[in-house]
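Given as structure tokens, the chain that follows is alone and in the form predicted alone.
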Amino acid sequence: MKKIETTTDATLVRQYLEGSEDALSKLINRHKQRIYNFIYSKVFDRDITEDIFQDTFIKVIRTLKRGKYNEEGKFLPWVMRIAHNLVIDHFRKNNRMPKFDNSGDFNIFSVLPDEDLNAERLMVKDQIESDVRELIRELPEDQREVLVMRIYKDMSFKEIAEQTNVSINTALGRMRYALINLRKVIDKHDIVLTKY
């Protein structure tokens, strides 16, 4: 009777570090479809997906060999973060990432040209918008109010200041802290703003 595969990721990582190339093959085979699909859901191009997928595992192997891996039991989320960062690097190289200029103005979807949005991309976009709305609910009320007025209602900071009875500088400060806190919430929950 064939033995069911029950070796944990952490055990396979340890075995690989002890010299077992087979353990690495098992890890890659176990997670390759999910990681490949995740990358493809961002770039929508098979060749680019293949390149980023290869780069992801080159980085995984280098990090493991340098002894820098310490995410015991969290191998897949760690690899997903590497893949996610490489996807962002790809977009940056191609000038398709939104630029954060600390003015508080950003458009999370500037990476996607609207005319190219097909049904799959629209689903991803809707999911991201839904995830972002959930995250915004975790912000303090004064920051949430300014962020909603600025991004969803497209109000100027002058209009926001008048509506909330504060100075423009206070409104700007609240927006800045809202974005900082939003990033902290994303990091805290280890969120990738899409479905895998």
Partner chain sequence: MAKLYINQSPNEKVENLKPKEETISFLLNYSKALHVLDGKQMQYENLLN
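Numbering follows the first chain given and starts at 1. Keep in mind it's a predicted model, so treat the numbers as computed, not measured.
This protein has a second form, the form predicted in complex with its partner chain, left out of what is shown; the following refers to that one.
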_S156: touches its partner chain in the predicted complex, heavy atom cutoff 4.5 angstroms_ = no
Evaluate D187 for contact with its partner chain in the predicted complex, applying a 4.5 angstroms cut-off between non-hydrogen atoms, and reply yes or no.
no
*Do R133 and its partner chain share at least one heavy atom pair within 4.5 Å in the predicted complex?*
no
query = Hey, in the predicted complex, does L24 get a heavy atom within 4.5 angstroms of its partner chain?
reply = yes
Here the chain appears without its partner; judged in the predicted complex, the stretch of 160-168, 147-155, 134-142, 57-65 with heavy atoms within 4.5 Å of its partner chain is 57-65
